[in-house]
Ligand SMILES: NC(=O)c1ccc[n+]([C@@H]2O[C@H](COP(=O)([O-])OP(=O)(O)OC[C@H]3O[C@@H](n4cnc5c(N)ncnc54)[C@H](OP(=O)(O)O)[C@@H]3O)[C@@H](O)[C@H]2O)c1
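One chain comes next, on its own, written as structure tokens: the form predicted on its own.
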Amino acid sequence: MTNSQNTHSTQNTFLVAGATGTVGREVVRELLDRGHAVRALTRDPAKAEFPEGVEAVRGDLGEPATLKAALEGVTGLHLITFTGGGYEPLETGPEILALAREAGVRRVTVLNGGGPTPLQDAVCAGELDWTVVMPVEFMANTLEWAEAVRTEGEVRAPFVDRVSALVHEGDIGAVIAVALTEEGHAGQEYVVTGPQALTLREKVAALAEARGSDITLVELTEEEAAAGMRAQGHDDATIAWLLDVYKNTPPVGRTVVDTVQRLTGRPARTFAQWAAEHAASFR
């Protein structure tokens, strides 16, 4: 059933960049649920899988000329700030925005991955109504533990008492969908968190309950954690940054805010809910 408050806007079309990603898929789903036409931007539409009714369109934010056809008739545009597997910051913001203005786009949302970027700066300096959405740690990041939990029954990590107000990826998608489709969000920067700040110990306990069997938590030293990251291919600068974030989580990452409740009208989903939804991945 289509939400009655959105039936007037069912002709609006929204283009979602990063649509195959963790958050992008949720933005697509939320827009569909709200009764809108959705285009999912991807480099290879033939390989992408989306819900029925989604139009997969070819395009690359790193090559703005490829976006012209995808932007035709679009009301709102959701952007990410990086391109490719290397997560290189996009420098093409001005070109993308010029094409969006030409196409008649009215609103733009940007998923902030952790600090200002050239694309976000271009959006915020531009003429279109913009909203920046800044989630803290994704609950979905916990899937990094899945293989070790399934095969060894353990989680190995440093700083097990660190605290995070981690957020369900579905709630991030919902906030973005609201900012794209409703009035009153232009010029806003929204931090998005879950409803609780949890330690790593508490996260592991919730996963154990969801999967129905114990998980051993092994606390690594900084040196052990760094060695593991190096074995995974991370460079020294990335390792140093990750360890600092884990050891000294900034207040924004551990302070609960009510953005989800305010914008969507419902409480943010708990980590226990996320764990129950993904229990099969940890069994």
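Counting begins at 1, following the sequence as shown. What you are looking at is a predicted structure, and each value in this text was computed from that prediction instead of being measured.
One more form of this protein should be noted, the form predicted together with the named molecule, which is absent from this view; the next part is about it.
Undergrad: Exactly one residue in 55, 219, 60, 222 has a non-hydrogen atom within 4.5 Å of the named molecule in the predicted complex; which is it?
TA: Answer to the contact question: 60.
Undergrad: Between 111, 178, 200, 191, only one gets a heavy atom within 4.5 angstroms of the named molecule in the predicted complex; which residue is that?
TA: The residue from 111, 178, 200, 191 that makes the contact is 111.
Undergrad: Only one of 138 to 146, 205 to 213, 153 to 161, 123 to 131 gets a heavy atom within 4.5 Å of the named molecule in the predicted complex; which is it?
TA: Stretch 138 to 146 is the one.
Undergrad: Is residue 31 close enough to the named molecule in the predicted complex to count, meaning some heavy atom within 4.5 Å?
TA: Flag for residue 31 set to no.
Undergrad: Would you please decide whether residue 230 lies within 4.5 angstroms of the named molecule in the predicted complex, comparing each non-hydrogen atom pair?
TA: No.
Undergrad: May I ask you to check whether residue 38 falls inside a 4.5 Å heavy atom distance of the named molecule in the predicted complex?
TA: Judged by the heavy-atom cut-off of 4.5 Å, residue 38 is well away from the named molecule in the predicted complex.
Undergrad: Please run the contact check for residue 75 against the named molecule in the predicted complex: heavy atoms, 4.5 angstroms, yes or no?
TA: Contact check for residue 75: no, nothing within 4.5 Å of the named molecule in the predicted complex.
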